[in-house]
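The form predicted alone is given below as one chain in C-alpha cells.
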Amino acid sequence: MELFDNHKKLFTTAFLFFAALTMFVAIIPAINNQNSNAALPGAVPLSADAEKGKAIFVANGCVACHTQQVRNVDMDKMWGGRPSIAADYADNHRTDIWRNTATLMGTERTGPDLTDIGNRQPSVDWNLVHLYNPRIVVKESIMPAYPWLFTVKAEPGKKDIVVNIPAAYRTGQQGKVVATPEALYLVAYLQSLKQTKLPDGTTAPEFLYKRAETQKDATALQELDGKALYTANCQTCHQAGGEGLQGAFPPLKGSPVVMGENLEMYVDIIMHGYDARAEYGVMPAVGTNMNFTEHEVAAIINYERSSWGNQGKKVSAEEIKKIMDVVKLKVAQE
C-alpha cells in the first residue's frame, strides 16, 4: 500500500489518529469532569496572600513530608472531622499556563496531615516560631528549620511582625527576629487549610476499621481524655510539662488562672482565646475551633489543675456547661 511506502503519509496519519484519540479519550473527558465537579458550597477560595504562600509551600518541598488527605480509616480521624472527598480538591486550578494543578495531597506522612491545620493550629505566633525552628515548640520534631524566612533587625518598624524566639535558640544574634513577607504568606496559606463542612443534610462518609472501645471507669476515662486532649490541642504551646515558652507562650504550671476560682475566665480563654498580655503570643479560640463540648473542657481543666504540681479544685461537666452558656451569651452580646 502506498500509505506504508510513503513515510510522510504514514506519520501524518499516525499523528492524526493520536491527536483524535487524545482529544476523545483524555481532553474532552477532563473538560467534562472539570465542568461537572464543583467545590463544596461553604468552600473559601484562597486569598492573594494564601496563593503566594502555597507557591512557597511548593517551592520548599513541604509536600514531601505533609499530606492533605484524610483517608476513610479510623486512624485518620485526628486530622479532620470526616474523610476527604473529591469536592475538597475541585477548586484547585493550574499554577500557571506551564504548570499543572498543585493539589498537594501528598503520598508520605512523615509530618502531620495538614488538611485541617487552620483549625487545629490557627495561631500566627505559634506557626512563625515553628517555622523558625520546630524544636522550640516540639522538641522531638525532625522537621527542618526555615530561618531564611526571617530577618534580624536592631530596630523593627511599626509594621514588622516580631517573633518571640527564646534566647537559647538565638546564639550570637543581636536584635529582634522579624518575619519576612514570605513567612507571613506561608502562614496565611497554612491558616487557610480548613476542612469545609458538608451541606446540611449530607451524610459524611464513615471512618472504617474503628478501634474497639474498652469499658473503663468514668473517672479514669475523664483523666485519660484530659491528658489526650491537652496533648493534641495545648501541648505544642504550653509544653508537656506546662512550663510554656519564655517570651512566647505563658506557663500553666503554677498559673493563677489555672488554680484560681474564676472559672468563667478560664472557660472563656479555652473557648475564645486570649490576647491581653503583650509579652506573649495571641492564643486562638481553640475550644471554638475544635467544637469542644463541656465534657472536653472539663477534662482539660481537670488535667491542668492536677498536673505539674498544680492543686486546683476539680470541676464537673455540668458546671462547665452552665458557664459555657453564660460565656457564649456574653460573646454574642458584644
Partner chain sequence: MHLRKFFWIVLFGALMILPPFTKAQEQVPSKFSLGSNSALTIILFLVVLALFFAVLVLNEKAKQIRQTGKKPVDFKKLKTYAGALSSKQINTVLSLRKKSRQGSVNAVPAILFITLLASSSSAYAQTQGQPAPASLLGETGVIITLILLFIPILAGVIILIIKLVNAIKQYKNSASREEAEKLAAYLKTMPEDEAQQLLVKKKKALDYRLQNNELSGNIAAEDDKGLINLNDSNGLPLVATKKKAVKRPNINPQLSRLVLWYLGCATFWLLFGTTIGEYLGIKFVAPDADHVSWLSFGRLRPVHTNAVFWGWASLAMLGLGYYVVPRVSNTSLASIKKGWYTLYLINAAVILGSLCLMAGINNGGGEYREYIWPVMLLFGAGLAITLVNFLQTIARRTTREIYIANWYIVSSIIFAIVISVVAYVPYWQNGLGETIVQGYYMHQGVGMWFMLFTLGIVYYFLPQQLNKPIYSYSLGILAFWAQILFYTLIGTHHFVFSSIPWWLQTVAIVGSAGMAIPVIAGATNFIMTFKGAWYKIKDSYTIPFFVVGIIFYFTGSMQGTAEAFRSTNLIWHFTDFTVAHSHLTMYGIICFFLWAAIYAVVPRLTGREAPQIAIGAHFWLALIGLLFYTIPLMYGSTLKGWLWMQGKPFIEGVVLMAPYWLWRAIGGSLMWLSHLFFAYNMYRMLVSPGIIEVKETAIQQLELENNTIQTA
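What we label the rigid core is the largest C-alpha set whose atoms superpose within 1.5 Å from one form to the other. Positions refer to the first chain, counted from 1. Quick caveat: nothing in here was measured; it's all calculated off a predicted structure.
What comes next is about the form predicted in complex with its partner chain, which does not appear here.
In plain terms, the part of the chain that comes close to its partner chain in the predicted bound form, with a heavy atom within 4.5 Å, is 110 to 118 out of 251 to 259, 110 to 118, 179 to 187, 154 to 162. When its partner chain is considered in the predicted bound form, only one residue from Gln34, Ser306, Ser47, Thr288 comes within 4.5 Å through any heavy atom, namely Gln34. A single residue from the set Ala39, Val282, Met265, Ile27 has any heavy atom within 4.5 angstroms of its partner chain in the predicted bound form; that residue is Ile27. Three-residue candidate spot Gln69, Trp79 and Ser141; every residue lies within 4.5 angstroms of its partner chain in the predicted bound form by at least one non-hydrogen atom.
In the predicted bound form, its partner chain lies farther than 4.5 Å from every heavy atom of Ala240. Using a 4.5 angstroms limit between non-hydrogen atoms, Ala43 is distant from its partner chain in the predicted bound form.
In the predicted bound form, at least one heavy atom of Asn92 sits within 4.5 Å of its partner chain. In the predicted bound form, no heavy atom of Gly247 sits within 4.5 Å of its partner chain. Residues of 39 to 73 lying near its partner chain in the predicted bound form, listed in sequence order, are Val58, Ala59, Asn60, Gly61, Val63, Ala64, Cys65, Thr67, Gln69, Arg71, Asn72, Val73, the criterion being any heavy atom within 4.5 Å.
Once the rigid core is overlaid between the shown form and the other one, Thr13 counts among the residues whose Cα shifts by 2 Å or more. Once you line up the core between the shown form and the other one, the Cα of Lys139 stays within less than 2 Å of where it was.
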